[in-house]
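Only one chain is included here, represented as structure tokens and corresponding to the form predicted on its own.
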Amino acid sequence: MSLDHALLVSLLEKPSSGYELARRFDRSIGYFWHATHQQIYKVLARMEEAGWVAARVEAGESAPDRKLFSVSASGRAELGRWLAEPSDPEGVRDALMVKLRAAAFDDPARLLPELEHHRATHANRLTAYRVIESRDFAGVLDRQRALQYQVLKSGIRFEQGWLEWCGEAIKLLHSFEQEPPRREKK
């Protein structure tokens, strides 16, 4: 997936200024696709040049004028083309997994603070997702909201899996506390 497509989706959900888009992105798509505000502005400019988005200047009464971006017909066509394009599942690239393997050659307890940090981070994110779920997805949902909820449910399950895994890993590392570190064979 490219940031271009993520921004097209966000703009279809609600035409926005670059600033509004970056803030909304952080609170929605940003949970699973990271982008800096600088990257968002750069991609918006590129998409405007390509004709995928159109911008109109909105006069500000008490603030400076702002550009309001919306998706053009060619942007919708590009999103449709991308939607039909096959994509492979993303692989995992996580330093914690390498550190866990490295713990076999050192004191595994040294990794406990990091695992506790990961567990707390995932617990906080799960709490945030549950708040969003109860606030935004009660009752009958239209197609757009039902699909957004499906994405949120994926995030909830991801965080639940991480919490379960962190608990197992922490328990395992505690079980090694009495064991001496493994030495290299000569």
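Since the structure is predicted, the reported quantities are computational estimates derived from the model, not experimental observations. When you see a residue number, it is the position in the sequence shown, counting from 1.
Below, we refer to the form predicted together with another copy of the chain, which is not included among the displayed structures.
Flag residue 41 as yes or no: does it have a non-hydrogen atom within 4.5 angstroms of any non-hydrogen atom of another copy of the chain in the model of the complex?
Heavy-atom contact with another copy of the chain at 4.5 Å: absent for residue 41.
Is residue 66 a contact residue for another copy of the chain in the model of the complex, using a 4.5 Å heavy atom cut-off?
No, residue 66 is distant from the partner.
Evaluate residue 51 for contact with another copy of the chain in the model of the complex, applying a 4.5 angstroms cut-off between non-hydrogen atoms, and reply yes or no.
The answer is no: residue 51 has no heavy atom within 4.5 Å of another copy of the chain.
Examine residue 148 and determine whether its closest non-hydrogen atom to another copy of the chain in the model of the complex is within 4.5 angstroms.
Yes, contact at 4.5 Å.
So which of 46, 117, 135, 56 reaches within 4.5 angstroms of another copy of the chain in the model of the complex, heavy atom to heavy atom?
The option sitting close enough to the partner is 117.
Note that another copy of the chain is not shown here; using its position in the model of the complex, name the residues of 2-26 with a heavy atom within 4.5 Å of it, in sequence order.
Read in sequence order, the residues that approach another copy of the chain (within 4.5 Å, in the model of the complex) are 2, 5, 6, 9, 12, 13.
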